[in-house]
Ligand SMILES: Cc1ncc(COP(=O)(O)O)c(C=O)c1O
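Consider the single chain below, provided in structure tokens and representing the form predicted alone.
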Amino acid sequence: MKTTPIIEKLLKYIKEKPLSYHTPGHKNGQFIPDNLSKIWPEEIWQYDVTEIFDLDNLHYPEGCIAEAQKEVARIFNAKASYFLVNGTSVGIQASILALSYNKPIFVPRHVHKSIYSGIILANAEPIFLPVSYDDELGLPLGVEPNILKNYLSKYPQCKTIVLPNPTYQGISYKFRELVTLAKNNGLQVIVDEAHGSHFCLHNALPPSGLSDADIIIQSWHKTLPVLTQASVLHLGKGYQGPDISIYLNMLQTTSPSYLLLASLDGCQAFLGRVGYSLIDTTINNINNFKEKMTGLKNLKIIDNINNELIDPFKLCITSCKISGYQLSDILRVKYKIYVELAEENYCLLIFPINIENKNLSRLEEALLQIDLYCSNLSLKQFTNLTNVNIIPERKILLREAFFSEKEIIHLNEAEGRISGDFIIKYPPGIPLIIPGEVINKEILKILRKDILGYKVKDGISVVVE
């Protein structure tokens, strides 16, 4: 088998210097707008081809795409793997359609919006599981196993659960225990592993869903070196559901980008060759960096939350002097360092699986200087954000509310009304309230707080009564 079958076929095609009388309209880079030709090299356009002879078909792969997907399945020890060019969202939606069409599904309240979209498409009935929150930072942890056990008894008709692994902040909260409990009770397990694509590549990382779950969807572009939107869906070894490709073909574009496919192909070969050793070296470099940061007095690096280890490639920083928003602003404005997420009580950075020491040194210098700057500041007032752990009363079904007639009203008129839309802060893309739920006093209190980023300025969408 070829190491990078998609890339090798692309190279062969380009070497022939073909004349294009097919899509796309730039004709292998022969016709490029001036403003784009100045910023993108011609080679990028040459690789942006379509599903022509010998380049296979993403929807019905038999050639180079099929070969590359089989190699991914081998590396990740999956029953089968599928390339996604519409991001992890499309894999999640296809999974819910396959396993929960017209059926109930257990849904932890801290899941990503794409899961709710899948529920709407599948006309599934979400059974929401309350999640625990960290008292200090106010971030979601996950479902307690005893909570799941109670819900299993209460809703025996529900046979599917979706679990995030890890959370946006890199926490795999009691994940193995939850999956074992679910499987022992006959549940099919879908794992949104958007931020954990690298987990199964090294034994020092949190557990991957690939060992036990039925369907695992990974955003390779979040933690691995591929282009944005490039993701992968894996079937677990024990998967016995319907043919997932039927649902993927319905949802994925019929004009897949070969730039995305080539990036996935190149990454799988790269991981198969050096994945473990590279991650091993990078973890050591990150640990050395954290060791140097132990002397910080006004900034603090969070290594574990509620005794749960954080993915070492996620750096969570909090401070007793400045907010996460302020820290993010200082890093961006003064040091040109852009973080992944800023919240009131912390900010979050994501390390690549291969990070150069010069980049770590730049971050180290910035944090040391900011720590010194904070020495002259007063202690900040602690903001308890655990009140975001609210599951409002549901008045009508999600799908029904989503397709209902809506109107926009002022917040002052919204108490008791049924939400007609998702109210989301992005990132992390976790809805505060979803269509069909009643807007209560607690929700309104949160929406009026600038610090949470949920504030609704132009009104709120509600179902017409």
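Start at 1 and count along the sequence shown; that's the residue number. Small disclaimer: the values here were computed from a predicted structure and weren't measured.
The following text describes the form predicted together with the ligand, which does not appear among the structures shown.
Remark: of stretches 322-330, 358-366, 191-199, 176-184, the one touching the ligand in the predicted bound form is 191-199 (heavy atom within 4.5 Å).
Although the partner is absent here, Pro428 sits close enough that one of its heavy atoms falls within 4.5 Å of the ligand in the predicted bound form.
None of the heavy atoms of Phe313 is located within 4.5 Å of the ligand in the predicted bound form. Residue contact check for Gly87: one or more of its heavy atoms lie within 4.5 Å of the ligand in the predicted bound form. Although the partner is absent here, Ser231 lies within 4.5 Å of the ligand in the predicted bound form, judged by heavy atoms. Judged against the ligand in the predicted bound form with a 4.5 angstroms heavy atom cut-off, the residues Tyr82, Ser95 and Ala213 are out of contact without exception.
Of the candidates Ser219, Ser263, Thr160, Ser172, Ser219 is the one whose heavy atoms come within 4.5 Å of the ligand in the predicted bound form; the others do not. Site annotation in the predicted bound form: the residue of Tyr247, Tyr168, Phe106, Tyr258 reaching within 4.5 Å of the ligand with a heavy atom is Tyr168. Along 100-126, residues His112, Ser114 each place a heavy atom within 4.5 Å of the ligand in the predicted bound form.
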